[in-house]
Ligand code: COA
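We begin with a single chain expressed as structure tokens, specifically the form predicted on its own.
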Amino acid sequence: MADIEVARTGRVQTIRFNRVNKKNAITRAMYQTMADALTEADANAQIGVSVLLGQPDVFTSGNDLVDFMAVATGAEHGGEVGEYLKAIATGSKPLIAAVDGLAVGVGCTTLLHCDLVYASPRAWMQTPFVDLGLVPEAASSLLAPRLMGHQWAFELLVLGERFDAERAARAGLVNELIRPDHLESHALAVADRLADKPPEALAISRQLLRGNRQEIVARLHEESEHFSQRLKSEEARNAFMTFMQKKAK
């Protein structure tokens, strides 16, 4: 089975992480598949809403570290991540996430681009960027303070504190907590409701709420430059090696 499963029921497209044996860690190929699906949704009038889904007790652990290490050592380069980030930042169709279990790194910062986020009580979010010698990404340094306020955002993005589902809801990152066995059906029911609304009015209303995307795209580029430099830094390389050694024990 594919590591990312893309399907459509009616006017709702689902994008599901399906690499459970690796805690849904995202490879560049997976980023490309998601970027293509979101781009297709924008171009296809038959798709009204996209929904991001994981598996029971795991949304995604974030970036695949093998890919990360390849970039950090200068072995390979790829633009798939950038295509995905641009797609979630500039897409014209509503985006919903249903989070059960861990949402780490980009799995967490992706939620800042979603119009609605539903989570189970066992969900948790964390961004270990600074601990790995890196910086926030996905325009999270702009969006998180807007959504949560500086102190909540600093705690999430810089301190790297783990937010359980209730804390994430209090901070404004999650709309509503739904029991695990009802989580997906609830998110899909809401997606159906959105997809049934007059599409032009929906698109204009969403754009008014989201505001000017150019500022978000500019921050994406700024973060990306810092992120790329940090990946190749000795500080990040040492942090990754330490992390991998701890993981191997």
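Not measured: the values here are computed from a predicted model. Numbering starts at 1 and follows the sequence shown.
We do not show the form predicted together with the ligand, though everything after this point is about it.
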Inset, instruction - May I ask you to choose, among 84, 152, 129, 163, the residue with a heavy atom within 4.5 Å of the ligand in the predicted complex? - result: 129
Legend entry - Heavy atom within 4.5 Å of the ligand in the predicted complex - the one residue of 25, 15, 12, 236 that qualifies: 25
Inset, instruction - Pick the stretch from 96-104, 111-119, 168-176, 143-151 whose residues have a heavy atom within 4.5 Å of the ligand in the predicted complex. - result: 96-104
Inset, instruction - Answer with yes or no whether residue 188 is in contact with the ligand in the predicted complex, where contact means some heavy atom within 4.5 Å. - result: no
Inset, instruction - Flag residue 64 as yes or no: does it have a non-hydrogen atom within 4.5 angstroms of any non-hydrogen atom of the ligand in the predicted complex? - result: yes
